[in-house]
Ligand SMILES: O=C(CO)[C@H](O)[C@H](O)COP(=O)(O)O
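Just the one chain here, laid out as structure tokens, in the form predicted alone.
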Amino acid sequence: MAAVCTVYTVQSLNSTPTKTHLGFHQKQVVFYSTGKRISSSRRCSNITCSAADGTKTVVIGLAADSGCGKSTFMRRLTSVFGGAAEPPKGGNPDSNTLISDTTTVICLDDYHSLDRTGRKQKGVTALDPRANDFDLMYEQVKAIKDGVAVEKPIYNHVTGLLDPPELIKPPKILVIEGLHPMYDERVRDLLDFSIYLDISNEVKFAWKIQRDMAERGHSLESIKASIEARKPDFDAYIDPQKQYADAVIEVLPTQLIPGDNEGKVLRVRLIMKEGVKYFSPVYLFDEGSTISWIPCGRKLTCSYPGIKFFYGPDAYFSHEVSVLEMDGQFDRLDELIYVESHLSNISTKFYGEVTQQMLKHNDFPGSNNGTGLFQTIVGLKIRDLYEQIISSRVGAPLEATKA
């Protein structure tokens, strides 16, 4: 089968295909960041080939505030596809990118247009769109989706500076995670599937206290001040993105313990939009019904306060959705197979795959509650979605040929 190849060179704003002596079409592409050239320190040329069947990179978007579990979700997702996700070999040790055999995960903090000092001088936070380069984000995500390698900038979280760019080659699956994957409509339209991690203010506050007081020695007053300082921009620019998400994992205080505010026992809701191509919502027992289920008993060990599941239809930002909810936590992960056996449309390849994945990563945060369970299920659903998309793209040219 013939191949369509692209030579990516950071050189000119013009994108004019020319026939090369190698027998394929060459296209030169450049990306500029706001007010400056993206590769002022170096130039890069790379040949990237994609099959002539038109297969493109599948792009997944994951949005959440900082400290809300994006990194853990990424580790669960890449594990579903196999292979360890690691930083680019031989590259910047402070790179935010993770690469596995199938996936590449890009942190959208890399598209900050202002470094830490610049944001302080201008009086803006990283959540403010003015501190981010959405033009470059769109151009590069689109290029990767089209099979073109790019030189992506790096935001160094250690130094707070903008480091020299790194080469990103088109993977089978690109995950863009961060504060703004669904903020810009152009970027949003490139996504094949989108997820929003929605951590309630009460749980976010409890988590931050546990981390910053216990691990970092921060005072309660400083933690409250930090949260309040971010809240206006979070409410204005980050939180509204959840209305566009195909799936939302919502983390709330438990309802099993009256007045609980410790954030250790959680009520987690998986909100799944109906009518999304290649995605069938998970259901409990009977699709479309409204069901409340307490599985504790002979087949599931439950210490106080127990476990309660809920499933049913609902509306979310005027969209029809199905909601699967878990309140409480597991005592024994190996018994999760009992719950898994009552769930349908979970896109497993064999009986017990959800339980196997959970046991494999039992040291990850949230492995004993609904956050880990629903992150794992969404990972399996994304694998299924990817396989359906690839199958449809391969099948379409065949059908056209038959016609």
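Being a predicted model, the structure only gives us computed values, none of them experimental. One rule holds for the numbers: they count along the sequence shown, beginning at 1.
Absent from the display: the form predicted in complex with this ligand. The rest refers to it.
- Each of Ser66, Tyr155 and Arg230 places at least one heavy atom within 4.5 Å of this ligand in the predicted bound form.
- Of the listed positions (Lys169, Lys224, Arg116, His218), a single one reaches within 4.5 angstroms of this ligand by any non-hydrogen atom in the predicted bound form, namely Arg116.
- The contact residue chosen from Ala149, Ala126, Ile99, Leu191 relative to this ligand in the predicted bound form is Ala126, the criterion being a non-hydrogen atom within 4.5 angstroms.
- Contact between Leu179 and this ligand in the predicted bound form is found at the 4.5 Å heavy atom cutoff.
- Contact check for Lys242: no non-hydrogen atom falls within 4.5 Å of this ligand in the predicted bound form.
- Heavy atoms of Asp133 never reach within 4.5 Å of this ligand in the predicted bound form, leaving it off the interface.
- Contact check for Asp198: no non-hydrogen atom falls within 4.5 Å of this ligand in the predicted bound form.
- The stretch in contact with this ligand in the predicted bound form, judged by heavy atoms within 4.5 Å, is 106-114, chosen from 87-95, 106-114, 304-312, 319-327.
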